[in-house]
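Only one chain is given next, in structure tokens, and it is the form predicted alone.
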């Protein structure tokens, strides 16, 4: 259903722990609105928007996700809380909305956002108990990027089956190339849970995150045993910093990586790689070949602090941010877009957007937003430990620990 309205957008991945701030053309104005984000590298993009469409924005960015969540959470409920801040959809938005600390934007959608060309169905991703609490900021799809020069050197092509994918990984490993580059982000270990469950059975993934299937179910174990096998065979590189992951890929030391389109920015800006010339992308095929391949996406909203003294000004700023003019600036600066008719200038990014909106793939909201936060936290911790110590026993133990937390949660 969401294929009709989900489009790719921006975001630039943070690469170091850093706090940055910028003020727009109305610097010093009493109406300046604070805009907080966990994407520190958005600073130049937001600054350009602030200048070009004359918005009084003061941007503050964090590059450490946990520090960001802590800072925002501690500020809410106070008059000096940021007028606008970036958050997450799904359960994480629900957790915040039920506290009453973020503003209801339902009327804003009806009076402004849809009039500006935003697909009204997108509001479903940010709706809690019939009210809309977010304005769309980004929709990012995870795909497998591959280094075309490395693939050409070893006569490889994008896989048509899951077995093809495994054969590619084996060939690369035997040639001394890292098959899959991995970031040293323990919090993001969930991406491999969704990767393998999506390839095994997208419906099983949905049943799991909705609490209708146990993490100890034999089908879940079977799906993640494929991950275990790939780790044991050496198909994953040693986890490294994000900048080193990009370098490994760009230099050809690693041939593939599983990332959203924001990965493209580093390839082009730091290494001059060109879409379809130096790198390409593919979606992982299903394991049995009988289901459509699954694409996992992250939908991020901008929300307004209910108690902030900037609340009304923040709503006015959002009306200008949720327009084609602002999104065109985003697209030019970030090489990513999510509004129909706005092009990124990058062939790969535009292709990702196109296939995600086709009928050939199944779209699934990523795990981080799809299940209660306590379960996500347990899963990321236990799965990261499993990654470093793969075995039948450690997989069994990890899933058992996650299920213990799931048993205590309400879905």
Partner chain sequence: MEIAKSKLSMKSKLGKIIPYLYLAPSVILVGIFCIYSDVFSLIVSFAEWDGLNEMKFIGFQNYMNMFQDPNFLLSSLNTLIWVVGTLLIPVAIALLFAIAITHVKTQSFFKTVFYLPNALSQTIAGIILTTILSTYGLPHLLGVMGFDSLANDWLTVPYLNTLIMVVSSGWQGIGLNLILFIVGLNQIPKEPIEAARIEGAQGIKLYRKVVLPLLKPIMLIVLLMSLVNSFKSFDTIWVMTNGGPYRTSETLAVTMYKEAFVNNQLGYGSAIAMFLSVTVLIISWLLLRDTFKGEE
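In this text, all values refer to a predicted model and were calculated from it rather than measured experimentally. In this text, rigid core is short for the largest set of C-alphas that superpose within 1.5 Å between two forms. Numbering follows the first chain given and starts at 1.
If you look for the form predicted together with the partner chain, you will not find it shown, but the lines that follow are about it.
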Original post:
Using heavy atoms and a 4.5 Å limit, would one call residue 96 a contact residue for the partner chain in the model of the complex?
Top reply: yes
Original post:
Applying a 4.5 Å heavy atom distance criterion, does residue 212 contact the partner chain in the model of the complex?
Top reply: no
Original post:
Should residue 234 be classed as touching the partner chain in the model of the complex when contacts are defined as heavy atoms within 4.5 Å?
Top reply: no
**OP:** Find out whether any non-hydrogen atom of residue 108 is located within 4.5 angstroms of the partner chain in the model of the complex, and reply yes or no.
**Re:** no
**OP:** Tell me, out of 332, 247, 219, 315, which residue has a non-hydrogen atom within 4.5 angstroms of the partner chain in the model of the complex.
**Re:** 247
**OP:** State yes only if every one of 66, 69 and 239 has a non-hydrogen atom within 4.5 Å of the partner chain in the model of the complex; otherwise state no.
**Re:** yes
Subject >> Which of 280-288, 198-206, 248-256, 318-326 lines the interface with the partner chain in the model of the complex (heavy atom within 4.5 Å) >> reply: 248-256
Original post:
Taking the partner chain in the model of the complex, which residues along 350-380 bring a heavy atom to within 4.5 Å of it?
Top reply: 377
Original post:
For residue 102, is the C-alpha shift between the shown form and the other one 2 Å or more after core superposition?
Top reply: yes
Original post:
Taking the rigid core as the reference frame, is the Cα of residue 197 displaced by 2 Å or more between the shown form and the other one?
Top reply: no
Subject >> residue 63: Cα shift of 2 Å or greater between the shown form and the other one (core-aligned) >> reply: yes
